[in-house]
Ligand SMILES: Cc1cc2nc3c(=O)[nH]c(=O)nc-3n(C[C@H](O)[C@H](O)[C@H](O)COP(=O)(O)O)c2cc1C
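What follows is one chain in structure tokens, specifically the form predicted on its own.
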């Protein structure tokens, strides 16, 4: 069985491993635990540190035989905003070894395991860390079961088990090399790089538009009992309880932790609201203000001003539409309308195997 093999006789050049992870539904956390198990077999001390809310996240001192890893999901062909900020603020370490592991939307079609796409989820943080003086030992995309249940239903349990078992074998092979001090890059990192780079504009649009749009589609159905678990476990403190009902702020990462942890399956994504916003956006003269001031602007500024005006109007539209929907959903009939027109009402949810609500939160795990 994966993970039950004998300890590797090759000693590690490292005496300590620190893995910083961000995980919505447990895929990145599971991968981090697999890495910790492999490190323990080599006698390495390991810290698994969640970066949730950036509270009490320690940074290892410079010097010594240390290996640092960052594990996170892929959001919109990019890494989550919270992890990007964390890496950007991470102190420089000359010649310190580091690896990046991003989980991405793996799937299984009959007997074929279909890979996900990283986009710039590895390229961008690798460049940042390289500028800070780190040595990149591995870029490791891991095709864990896709968890984007606001777009598609969760996979059947047998499919999840098969995909996860394959990922465990791949992670063990990754650890065999990287923990021994060797560089390791999966071949598809290079084969997919042209596609990943081509997706950079979409990743940029997700950063400035998509993540705010998806954040405003979450709502609580009338099944919500106001327990507050979603707000307590939100990794970015983006859920605010208003009259015992959750309200999602723009800082939401759409990690779907709240949706998949909810004991009453009360949290949904409103596809009706998404459609209404799309229609309103297409009918709204987004460039109205821009057209009024366009003749008075230098030609070099017209493009940037147009972009800023449209971005501001789009954010206002998201905010106003979601705010109105939140208050209207206090009416039972309207809440039912949004609930029963939401596909997530009927879809399977997803949590990585063995992951429970207690696994999320602040603190460290050391072995």
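For clarity, every value in this text was computed on a predicted model and none was experimentally measured. Positions refer to the first chain, counted from 1.
The form predicted together with this ligand is left out here; the points below concern that form.
J.: Counting only heavy atoms and a 4.5 Å cutoff, which of 91 to 99, 185 to 193, 144 to 152, 272 to 280 contacts this ligand in the model of the complex?
T.: Going through the listed ranges, the match is 144 to 152.
J.: This ligand isn't shown here, but in the model of the complex which of 124, 164, 180, 117 has a heavy atom within 4.5 Å of it?
T.: Checking each option against this ligand in the model of the complex, the one that comes within 4.5 Å is 117.
J.: In the model of the complex, does residue 256 have a heavy atom within 4.5 Å of this ligand?
T.: So residue 256 counts as contacting this ligand.
J.: For residue 26, is any heavy atom within 4.5 Å of this ligand in the model of the complex, or not?
T.: Yes, residue 26 is a contact residue.
J.: Residue 104 near this ligand in the model of the complex, any heavy atom under 4.5 Å?
T.: Because a heavy atom of residue 104 falls inside 4.5 Å of this ligand in the model of the complex, the answer is yes.
J.: Looking at the partner-bound form in the model of the complex, is residue 206 within 4.5 Å of this ligand by any heavy atom?
T.: Residue 206: contacts this ligand in the model of the complex.
J.: What residues in 69 to 93 sit within 4.5 Å of this ligand in the model of the complex, counting heavy atoms only?
T.: The stretch 69 to 93, when checked against this ligand in the model of the complex, contributes 73, 74, 75, 76, 77 at the 4.5 Å heavy-atom cut-off.
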